[in-house]
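This document contains two forms of one protein chain, each encoded as structure tokens and listed individually as structure 1 and structure 2.
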Structure 1
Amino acid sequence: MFLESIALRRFRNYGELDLSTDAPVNVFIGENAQGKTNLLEAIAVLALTKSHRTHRSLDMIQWGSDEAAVSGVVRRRSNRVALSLRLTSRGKQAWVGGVERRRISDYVGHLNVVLFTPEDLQLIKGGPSVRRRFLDMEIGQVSPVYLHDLQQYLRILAQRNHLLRQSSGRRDPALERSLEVWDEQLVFYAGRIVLRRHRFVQTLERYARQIHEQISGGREELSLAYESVPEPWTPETLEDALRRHLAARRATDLLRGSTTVGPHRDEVQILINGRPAGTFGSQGQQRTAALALKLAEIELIREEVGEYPVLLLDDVLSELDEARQIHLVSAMGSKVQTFVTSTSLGVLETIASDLRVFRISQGRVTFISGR
């Protein structure tokens, strides 16, 4: 898929921008704090309706304005589609082909993106919540059903936690009967989420292991493990396992006033030669693992939706040594439309073709060279 154009209105430091981006590789160069990251953030928001930098729509609205807008035209194998988002302090509205989509799950997926930023090293070094968010964002792109299940799970989880806080740690028969009702609903959606995440991690590992072997020269082995309800369980017995685990943790949940088991507490282990990469990996090994995961995402999305996603590289080339830069740019090839931000062309100038180069200064984009 290709993003043919992007338009911004009052988004971050862009008052108004209309840009043709119909090139295999679009490069945006400029000094720091000029708007390069803001532009890639806008593309990611157009795809996902949410930002990797903030949870609040208000943060993306230009100072002094009441709302912002992001729109673009996406060319896919079967069609061309216009996407539009309106951001306000009260929330967001989304349109596909001029028709409003009130459910986010009906909007997300029309544009698939893989975003790689320097902060993605936190996938390896950060806490479990970073990796859970990674799973939710990536699976949500290719599975509207997953997004719906996740939204329902979080709604039920909030209700269950509210009931637990009301208990003040005491055991009360009426309260526990209410908990059993919420538990049944929680187990249903938790089971669906765990199974989808488990399958996603298995597929991601298959691609990431091969890519990591190429980058590391076969000297190291990358593996992934999704940790949820203690095994053994099968897809048919997962709900029963979740139900038993919830029951076993009920006294702890009542004491703490929160639910201590479920997909919101799960973990993805990233291992190099069988050892946790975040704890035992060198900086180079951690960067290689993060790069392998991002390149694996590209292949996984292609497998799921039948087309390659758009790749967004936000100032990551400077974080990689020359060998990893070459591997990343070579992996782009001609199959993935790529948007790159950098302070200079660097290695792109020598090993990438079909570049369209722009300069960004104080929220203004100027075409420099390319087709």
Structure 2
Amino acid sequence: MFLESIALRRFRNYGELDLSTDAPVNVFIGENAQGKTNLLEAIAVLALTKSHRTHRSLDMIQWGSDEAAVSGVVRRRSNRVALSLRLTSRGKQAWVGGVERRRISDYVGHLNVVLFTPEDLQLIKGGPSVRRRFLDMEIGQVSPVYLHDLQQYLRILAQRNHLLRQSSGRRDPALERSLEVWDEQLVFYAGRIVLRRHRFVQTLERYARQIHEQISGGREELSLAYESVPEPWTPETLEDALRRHLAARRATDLLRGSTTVGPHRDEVQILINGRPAGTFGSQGQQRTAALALKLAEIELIREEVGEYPVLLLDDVLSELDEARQIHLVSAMGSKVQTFVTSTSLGVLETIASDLRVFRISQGRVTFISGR
């Protein structure tokens, strides 16, 4: 899909912006604090009604104003649709083709975006919880059943932990009988979660590995491994293994007052050439790996919705070497509409004729060159 144009009214540092973006790659060059991230944020908000930077609509409304508006025209394979959002301090309103949509679920999905920012490096560098959250978010987006399983699991887990804390480390037969009841429910949902995550990680790996190879110029191999209780993982063996692990950990769990095994403690290993990327990867390698994971998301979205989303790359080129930057922009631009921000054109100068280049300065955007 293609974002043909975007218009902003009193959004952050943009007073009034009307921009035609009907090119495969739109590049925005600007110094710090000029509005580059604000613009990509606006596109993401147009797609999702939510910002990755703030939970409050108010933060996005220009200081001194009462409301902000973001609108745009999206071209898809089968149709063209105008999207429009109004943000006020009291909330937001959304229109598709001029018709108000009161339910968010009737609005979201007309424009799909994948946003990559420098903070996404945490996928590689951060602790296991960052990667678990990534899995939960991504799978949740395409599978309501998964979200339900996860909610049930977390609810039962909280109840089990509550019981563990009540014991204050004592072993009391009545309490252990109740634990067994909770454990039975817990392993049911845990098994489903592990299986779904495992399947997702396998698909993600298939795409991410290919993309990573492209960006690194074939020099590196990315692999992913979901880590949980020992394999094999079929519905039955998984529940059995989880049951055994819970039993084996019971004394520890009672002492600690928390559950020390299960999907809430699982990990996704991210390896470059067989070594953990978080520990051994260089800054550039880590960035490439994080990028590959995010770009793999693009393929997963295409599998689900049948069209590529729009890709937003905020300030992520500077830490890639020149070869990786060019690989990335040309590989993406040929299939996905891409919006890139950077403080300078740098090596992209050499392929600038394929790009539409703009300059951003104090909330104003001017066309510089390109198609």
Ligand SMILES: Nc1ncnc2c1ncn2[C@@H]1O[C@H](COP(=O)(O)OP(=O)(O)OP(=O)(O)O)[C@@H](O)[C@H]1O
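This is a predicted model, so every value here is computed, not measured. Quick note, the numbers are simply positions in structure 1, starting from 1.
**Student:** Mark the structure, either 1 or 2, that is the form predicted on its own.
**Tutor:** Here the form predicted on its own corresponds to structure 1.
**Student:** Just one of E119, T21, V187, R209 is at a hinge of the rigid motion between structures 1 and 2, so which is it?
**Tutor:** The hinge residue here is E119.
**Student:** Smaller rigid part's rotation against the larger between structures 1 and 2, whole degrees?
**Tutor:** It comes to 26 degrees of rotation for the smaller part.
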